[in-house]
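Starting off, we have a lone chain in the form predicted alone, written out as structure tokens.
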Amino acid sequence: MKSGSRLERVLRAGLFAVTAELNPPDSADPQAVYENALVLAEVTDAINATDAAGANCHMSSLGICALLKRAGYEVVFQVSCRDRNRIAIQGDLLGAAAMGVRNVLCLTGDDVSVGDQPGAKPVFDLDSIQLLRIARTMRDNGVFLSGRKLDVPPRLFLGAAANPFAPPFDWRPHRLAKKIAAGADFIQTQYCFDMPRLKAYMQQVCDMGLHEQTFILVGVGPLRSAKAAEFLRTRVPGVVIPDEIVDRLHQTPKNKQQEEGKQICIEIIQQVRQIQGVAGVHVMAFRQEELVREIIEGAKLFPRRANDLRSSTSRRS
């Protein structure tokens, strides 16, 4: 056990894990955070607090983590290299650990050009692989990047992102291997709508033995409408939605498209569960948190049963 977090315990026990993103408010009111967390907590093992996703400003990930830990929730602190240098990031890791945060997702971050303040100055002092190495060094060696000793190292379960759906496809498993070598204990992928591509990726991952070295959670999410699907696949970097899914939504009456999008998500989760090497799912329901419980229960992931224990139990030390 590297951190003792609930998420780590669930994964190491061989259970099929469920995490979900909390959409951060454009507000200084903590009640907005608590209301969103309330609908996620009972059907997830951890809640991700996003860090200015899409290069758009919202309440900070660290602030959300502080609020949720105070209320007793399990969180994943997302750290983007876009906005802070190595000094600030190392300080944030210590601060988060001091508040009881044990799970950290290390991200390079979207470029400011895709956000609503493209004139902002990007930092990118590090990338995600360098950040993973630094966080692992702080945890395992008890020192800052400078070599200065830490009095008490942070206990962290380190994560990284992966996108199996963007070319060059053959390179993606090798990129994953680099993140694992840098210290990634778990992986959360981009949205999965292209099942054949995911299966091909996971076959390569398993052939390389990478599924034995990290825990892979596949990203899933409900599509609100055909219009939303078109927006995601044309405006959000790295999201691939096949024509057949968009056509399925277009063929559904507008007032039933959200329900159809939820059903598509449930079907994808059910297929994902059958793929070797997948350890869980990461639900991204942008502004649709109220659907997460219905999706997770519809996919029969919660409540858990004794036979939910997977064959991966004790595979990883």
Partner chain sequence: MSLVDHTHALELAYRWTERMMLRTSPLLARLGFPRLQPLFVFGEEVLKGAVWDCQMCGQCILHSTGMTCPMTCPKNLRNGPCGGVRSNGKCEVKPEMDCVWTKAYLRSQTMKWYGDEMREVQPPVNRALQGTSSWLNMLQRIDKETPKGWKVGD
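Positions refer to the first chain, counted from 1. Not measured: the values here are computed from a predicted model.
Keep in mind that the form predicted in complex with its partner chain is missing from the display, and what follows is about it.
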Identify, from the list Asp247, Asp127, Asp116, Asp207, the residue with a heavy atom within 4.5 Å of its partner chain in the predicted bound form.
Asp127
Can you pick the one in Arg139, Arg84, Arg133, Arg197 that has a heavy atom within 4.5 Å of its partner chain in the predicted bound form?
Arg133
Give a yes/no on whether Ala88 approaches its partner chain to within 4.5 Å in the predicted bound form, heavy atoms considered.
no
I'd like to know if Glu74 sits close to its partner chain in the predicted bound form, meaning any non-hydrogen atom pair within 4.5 angstroms.
no
Any non-hydrogen atom of Leu232 within 4.5 angstroms of its partner chain in the predicted bound form:
no
Would Val143 count as a contact of its partner chain in the predicted bound form, using a 4.5 angstroms cut-off between non-hydrogen atoms?
yes
Spot the stretch among 151 to 159, 97 to 105, 211 to 219, 118 to 126 with residues whose non-hydrogen atoms come within 4.5 Å of its partner chain in the predicted bound form.
118 to 126
Partner contacts for 223 to 243, taking its partner chain in the predicted bound form and a 4.5 Å heavy atom cut-off:
Pro237, Gly238, Val240
